[in-house]
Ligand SMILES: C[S@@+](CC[C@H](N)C(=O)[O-])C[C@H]1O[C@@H](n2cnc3c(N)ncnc32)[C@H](O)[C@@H]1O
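Read the single chain below, which is given as structure tokens and is the form predicted on its own.
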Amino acid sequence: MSKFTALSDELHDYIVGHGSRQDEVLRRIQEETAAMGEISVMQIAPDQGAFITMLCRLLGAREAIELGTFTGYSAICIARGLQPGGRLIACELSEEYAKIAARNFEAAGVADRIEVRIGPAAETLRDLPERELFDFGFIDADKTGYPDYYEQVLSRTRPGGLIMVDNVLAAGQVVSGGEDFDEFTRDSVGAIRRINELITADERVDTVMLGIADGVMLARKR
């Protein structure tokens, strides 16, 4: 038997309003990113950001990595959840977005906790030592790279550490037939379906999928 409450726009607004606390910096970033047009869909939602900060605090996270920083909203949420002296490696492909994010880190007062690395996420990951270091990993880069990113991050996450994978519902397209998908969408949705199946069957982790924003998958390394 399924048990869930269907969300109307009004009910969703109620949840966000009561489940996230945006300060002026995060509110400004959200507004400025929204003004960028359709590309703004890459930014996480406010309730998702609050959830990330809470998870990092509950984990007592000190070392974190993020794949796909965009304008910096999610990185700020991670950094604010880290323990004193904590560090976040923020991976961003675009130099332009990385510059915007860096300005936002300064405004949020977390620049000293974040190291921005510009370039393809796969290359950045492979340049990192293969040791179990990270307490928290957030995967939100190009979707076709998700299966590889997951393996690379998992091998560098400590036992008991947590990985969050974003957009695992693909705007609902994970359960669509896909007959009308263009090639880009077909490849992206296919990769998301693969990572969902991979993590669900992965005995190396405990896992749960949640319907926050566009869906997140949590994988706790055993």
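Residue indices: 1-based, along the sequence shown. All values reported here derive from a predicted model rather than from experimental measurement.
The same protein also exists as the form predicted together with the named molecule; that form is not shown, yet it is the one meant from here on.
- In the model of the complex, none of the heavy atoms of Leu59 sits within 4.5 Å of a heavy atom of the named molecule.
- Contact annotation for Gln43: at least one heavy atom lies within 4.5 Å of the named molecule in the model of the complex.
- Proximity of Gly109 to the named molecule in the model of the complex falls outside the 4.5 Å heavy atom cutoff.
- The named molecule in the model of the complex is approached by Asp140, whose closest heavy atom lies within 4.5 angstroms of it.
- Taking Leu128, Leu133, Ala102, Leu93 one by one, only a single residue has any non-hydrogen atom within 4.5 Å of the named molecule in the model of the complex, and it is Leu93.
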